[in-house]
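Below you'll find only one chain, the form predicted on its own, shown as C-alpha cells.
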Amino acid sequence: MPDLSIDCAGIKSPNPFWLASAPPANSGLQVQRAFDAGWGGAVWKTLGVPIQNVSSRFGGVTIRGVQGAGFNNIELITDRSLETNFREIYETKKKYPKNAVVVSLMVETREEWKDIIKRSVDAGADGLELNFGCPHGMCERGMGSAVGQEPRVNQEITSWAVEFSTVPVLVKLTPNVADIVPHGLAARRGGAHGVSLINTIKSIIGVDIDRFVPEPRVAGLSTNGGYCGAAVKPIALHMVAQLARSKDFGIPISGIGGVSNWRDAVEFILLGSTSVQVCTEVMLRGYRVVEDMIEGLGDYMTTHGFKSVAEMVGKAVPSYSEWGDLDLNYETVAKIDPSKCIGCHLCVTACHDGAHQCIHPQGSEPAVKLKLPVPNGGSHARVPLVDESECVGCNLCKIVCPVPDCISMVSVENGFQPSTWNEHVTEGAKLRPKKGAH
C-alpha cells in the first residue's frame, strides 16, 4: 500500500488533500466533519477583522449542461468573531492531532500581523497561510490581491509573518498578474516556507439579460468576484508549473484551482504540488468527494510504482518546455478506428470549419478525387476518410469525437531529423515542408 502522507513545507498530514480556505472550512464543526470524511488537512477560512457579507454572494456558470463548471463568489473573509474562531481551531486540533490545521490570515498593519499570528499559533495552528490573493472587497481596503500584485509589499509582509511565527508560513498568491514567477520569488525572499496557488481570478460570471444586472445580484447591483471551479484548472496548472520549474524558486507548493477528482490532483502533484487544496467541488458535492480522491490516488500510485507522494512531486516538470524547444519535425496524423466510429461526422465538420479540411465523408467529391484509401473494416459509408497528406495532427478531431479512443493521433516517419525553432534560427537546422489546406 503506497504512503499517502505528506510534509508540505513542514506541515504534515495523512494525505495531500486539504480543504481550501473558503466556506467549507468556515467553522470547527465543518472542519471536524471533513476530517471524519478523510481530508488530510484544512486551511481555515481567512481570519482578520470580521466583516459583513452581502446577499447574494455566489454565481455559477453552466457549460453544456454541467452546472457549476465555473463558479464565482463575492464573499469576503470570516464574518465570525476571532474569539470564536480561535476557540474552534484549538478544539479541532486537540481532537484531530494528526490532521493539518492551517490558518489563513489577512490584516493590515505590522502590529495586527504580530497579534493575529501569535493567537493563531497559540490556538494550535500547524501552519499559516497569508491571503495575498482575494480579488474583491478586501483589495479595495489595501489587502488581498493588492498585496499579492506588489512583490515588494508581498516580500515585506511575508518577512513580518516569518519573524513572528514559530510554525511554517505559506503565501497564497493571486493569479491576477502577468507573470507569477516574480511574486513567488518575492515570497521566497521574504522567508516563506512555501506558497499556495492559485487564488480566484477576477471575473464577472454572467449577466441577467432580463434585469440587465450582472450576477450575483445584490439589491439591483453587482460587482466583480473571484472565479474558481473546474474551469480554472488549466490556468492553475500553468502557474504552479511556472514556479516549480523556476531554478530560483525551490520551495514547496500547495496547489489550488479546479481540482474535482483524483486525476486533477495527480496532475497538480506531477507539476510540482506537494499538497492539493479543494474548495468548489466540496461546495457542489460535499466532503465525501475525498473518498474517491484518496482511493484513486492510491490506485494510481500502485499502478505506476510510486511508494510515496514525494516521489511523484514534480515528475512532469522536466517535460514542460518553451515553444522554441519543441521538435518542429515531429509529425502526427489522425487515424480513425472503423470498429468504433458511429458516423456522427463531428470530426468532418470540425476539420472543415475549424481546422485543415483533411477529413472527408466517403463518396464525397474530395474523397473520390483524392482516391483516399478505405481502411480495413471501414467500408461502411459512415466512416470518414483522412487525407494524411494534408493532416497536420492538430488534434481537433479527437477532441470533438464523442467515442473514446475512436480517433488517435499517430506519429509518422517523414525522413527529417528532430529540429526546434531555436536550432533552426541559430544553426540553420532544416524544417519539414508545411502542409496546406486544399
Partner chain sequence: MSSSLSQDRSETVFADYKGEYTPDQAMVEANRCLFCTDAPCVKACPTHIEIPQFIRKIATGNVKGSARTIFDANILGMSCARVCPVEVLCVGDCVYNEMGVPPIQIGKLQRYATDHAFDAQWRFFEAGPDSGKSVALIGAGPASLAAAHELRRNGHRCTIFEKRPAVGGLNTTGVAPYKMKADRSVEEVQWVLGIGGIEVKTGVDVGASISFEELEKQYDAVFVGVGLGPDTILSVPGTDLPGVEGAVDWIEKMKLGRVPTEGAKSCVIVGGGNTALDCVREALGLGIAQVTMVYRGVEEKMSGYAHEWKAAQTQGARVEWQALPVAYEGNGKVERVVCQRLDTNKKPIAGSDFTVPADLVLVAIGQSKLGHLLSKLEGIEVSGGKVVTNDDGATGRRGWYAGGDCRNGGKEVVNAAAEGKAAARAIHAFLTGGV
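Numbering follows the first chain given and starts at 1. Just so it is clear, the model here is predicted, and its values are computed rather than measured.
Keep in mind the form predicted in complex with its partner chain is missing from the figure; the text below concerns it.
Peer 1: Taking 4.5 Å between heavy atoms as the contact cutoff, choose which of S203, T78, S260, N99 touches its partner chain in the predicted bound form.
Peer 2: The residue in contact is S260.
Peer 1: Just give me the single entry in R288, H304, R211, K95 that has a non-hydrogen atom within 4.5 angstroms of its partner chain in the predicted bound form.
Peer 2: Answer to the contact question: R288.
Peer 1: Check for me: heavy atom within 4.5 Å of its partner chain in the predicted bound form, for each of D7, G10 and E91, yes or no.
Peer 2: No, none of D7, G10 and E91 comes within 4.5 Å of its partner chain in the predicted bound form.
Peer 1: Classify D292 as contacting or not contacting its partner chain in the predicted bound form by the rule of any non-hydrogen atom within 4.5 angstroms, answering yes or no.
Peer 2: D292: contacts its partner chain in the predicted bound form.
Peer 1: Could you confirm whether G296 comes within 4.5 Å of its partner chain in the predicted bound form, counting heavy atoms only?
Peer 2: Although its partner chain is absent here, G296 would touch it in the predicted bound form, with heavy atoms inside 4.5 Å.
Peer 1: At 4.5 Å between heavy atoms, is P373 in contact with its partner chain in the predicted bound form?
Peer 2: Contact check for P373: no, nothing within 4.5 Å of its partner chain in the predicted bound form.
Peer 1: Examine E281 and determine whether its closest non-hydrogen atom to its partner chain in the predicted bound form is within 4.5 angstroms.
Peer 2: Answer yes; at least one heavy atom of E281 falls within 4.5 Å of its partner chain in the predicted bound form.
Peer 1: Given the stretches 213-221, 261-269, 247-255, 111-119, which is the single one in contact with its partner chain in the predicted bound form, using a heavy atom cutoff of 4.5 Å?
Peer 2: Every other range fails; the passing one is 261-269.
Peer 1: Can you tell me which residues in 383-404 come within 4.5 angstroms of its partner chain in the predicted bound form, by heavy atoms?
Peer 2: The stretch 383-404, when checked against its partner chain in the predicted bound form, contributes V403, P404 at the 4.5 Å heavy-atom cut-off.
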